[in-house]
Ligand SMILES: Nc1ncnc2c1ncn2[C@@H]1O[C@H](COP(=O)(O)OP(=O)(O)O)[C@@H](O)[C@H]1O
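Form predicted alone, single chain, as C-alpha cells, below.
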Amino acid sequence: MAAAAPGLGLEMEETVYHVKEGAEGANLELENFCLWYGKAQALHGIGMKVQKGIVTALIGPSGCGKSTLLRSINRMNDLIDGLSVRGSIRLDGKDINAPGVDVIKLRKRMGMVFQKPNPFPMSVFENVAYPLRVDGVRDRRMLADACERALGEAALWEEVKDRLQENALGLSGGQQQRLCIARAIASDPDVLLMDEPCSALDPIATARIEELIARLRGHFTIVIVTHNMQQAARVSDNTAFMYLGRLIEYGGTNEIFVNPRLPRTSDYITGRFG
C-alpha cells in the first residue's frame, strides 16, 4: 500500500491496471509523472499508457488532478509560476519535457478543446484556417479544402457552408464547440485533448458532441476529462479514475463501470462520494 494522503487519514491503494494492449500500441506514455505548484504537490507518480486511436476518459471528483494532467500533456501548465515536474510524458517515445523540445511544435501535434466554446471573434472560415495560417499556409485553395475537411469531420459543414464568412460568435453554443473541435483538428494533430467539452452545453448539444467523438475515434488519440460518468461510459474505450492527484485504477471502460477492482473506484462510480 502507498502512504496515506497527508492530513486526510486516507490510505491510498496502489494503482490497479487492467488495460488491454491495443493493436496500434500506445503513443502517449506517462511514467512516474509528478507535478508541483510551488511546494504543493498536485500529481503523484502517474503512470499510464494511452493507446493510439481510441478514447480515454479521465474521471474523478473535482480537484483530483484530471485537468492538471491533461494540460501537462501539451505543456500548457508551463505558463504557471512555480511549476515543477518529475518523471516523464512520452509522445511516440520522446519525452515532451526534455531539454530542447520545441513547445510550439509539440502543441501543433495536440489539438485542445476547452470547457467553454472559445471561437475567435472572426469568421467561421478564419477560425478553422487560423492554425494553418500560423503554420505558414497561404494558398487559398489549400485553406478552403482544409476548412471543408475539418468542418466535415466535426459534423458542422452542412450547417455552416453558407455562413463561412459570418462571425463565428453568431453560432449557437453547440455549433461553437464543434467549430472549436474543427479548429483543433484542422492541422491534423496526433492527439486531441478535451477538457469537459460538454459542461457548458445543453443535452441536445451534448449528444451531438458525443456523436462527434464517436466519429473521430480511430482518426485521433482522444483524451477527455469529464465529471459526467454516464458520458465517460458512453464515449470512451478506456477509463482512468483519479483521486487526490493519484491514478487509482485504469482499465477498459466497461470493466471500470461494471466490475471495478478497488473499493474506492466502486464508491465513486456508485456515487458514495465525489
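Residue numbers here begin at 1 and follow the sequence given. Computed from a prediction, not measured in an experiment: that's the story for all the values here.
Missing here is the form predicted together with this ligand; even so, the following discussion is about that form.
Open vs blocked, site of this ligand as found in the predicted complex, superimposed, 2.4 Å to backbone or C-beta | Open, since after superposition no atom of the placed ligand lies within 2.4 Å of the backbone or C-beta atoms.
Stretch in contact, per heavy atom within 4.5 angstroms of this ligand in the predicted complex, of 233-241, 48-56, 207-215, 62-70 | In short, 62-70.
Report whether all of Y37, A42 and I80 sit within 4.5 Å of this ligand in the predicted complex, measuring from non-hydrogen atoms.
-> Checking in the predicted complex: Y37, A42 and I80 are all within 4.5 Å of this ligand.
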